[in-house]
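Form predicted on its own, single chain, as C-alpha cells, below.
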C-alpha cells in the first residue's frame, strides 16, 4: 500500500490514521521499537525543513533508520538513471521510500515500480502528509471534523489546497477556497470535481469564492499558505503579490470568522505577505501545533505502511 494521493484512501483509512496518530502521540513509549530493523529511503528533489526532520525523527524515535538521498548529487538527478530503475534498486535495500519531488508524474512512476511502500512527501500537485497532519490538529482543537467550516484563502492552485480539498471533502467538512478570479490561481478543475464528488458522499461541501471576507465568514478554521513557494521565479513575485494581497489574513479578517476560529499555515511563512505577524503569532494561531503533528501523523503512516511491532 502506498500514500501517493488521498484520492486513493477511503474515509475509513483517514480516520484510522488519525486515530493511530492520537494513540502514538499519547503513548509514544509503546512505539519505541515499532520499526526496529526498518530503513526508510528519503528522496529529496525539493528542499525541506519539516518533511526531512519529522520523517527522520519519526524513524529514529520508533527504532528505525532513515537515509537522506539528495537528487542533486545522484545519478537520477543528473539524468543518468531512470526513476523506474531507482525504484526497483532501492526496493532491494529498504522497507519504504518517502519522496519529495517536483512532478506528480515522477511520484506516480516511483510508486508504480517500487516493491516497497512509497510515501508522497510533496509534489507540485499534492501534499497528503501535510493535510493529514492538519486534520489531526483540527480534530484536537475542535473535537470532530464532520460539519466544520474550513476557509482557505490565497492561491488555490497549489499542492496544499489540493490535498486539503481531498481530505476535507472525504471527512464531511465544508471547505471554501477564497482566491483570485484568475484561473491560474484557482484549484485545478479535476481536483474540484473529485472533491465535490467526495463531499456528496460525506455530507460536506466545496465552494470557490473570489474575496477573502465571504470565504472566512463564520469559518471554524482559517488557513493560508506562502505566496512565494520555492519554485516561484523572482520575476513573478511582484505580480503574485499584487494578485494575492487582497487575501492577506489580518486581525480584521479573522474577526469575520467564528469567535473560536483557529488560524493555520503549513509553513514556511512570510509575515507581512500571506498573513500579518499579529495573526500568526497571536492566540488563535496553531501553526506550531500543526508542525509538531506532522511528526505524529507520519509515525502513524509509517506504522501502517511499513508494519510495526507495538508493545502494550
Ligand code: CP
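No experiment lies behind these values; they were computed from the predicted model shown. Positions refer to the first chain, counted from 1.
Only in words, not in the display: the form predicted in complex with phosphoric acid mono(formamide)ester, which the text now covers.
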item	value
Residue (of 42, 62, 257, 266) lying close to phosphoric acid mono(formamide)ester in the predicted bound form, criterion heavy atoms within 4.5 Å	266
Partner-facing stretch of 243-251, 281-289, 47-55, 26-34, counted where any non-hydrogen atom is within 4.5 angstroms of phosphoric acid mono(formamide)ester in the predicted bound form	47-55
Contact label in the predicted bound form: residue 166 to phosphoric acid mono(formamide)ester, heavy atom within 4.5 Å	no
Touches phosphoric acid mono(formamide)ester in the predicted bound form: residue 162 (any heavy atom, 4.5 Å)	no
Residue contact check: residue 120 to phosphoric acid mono(formamide)ester in the predicted bound form, 4.5 Å heavy atom	no
Residue contact check: residue 149 to phosphoric acid mono(formamide)ester in the predicted bound form, 4.5 Å heavy atom	no
Residues in 123-138 with any heavy atom within 4.5 Å of phosphoric acid mono(formamide)ester in the predicted bound form	127, 130
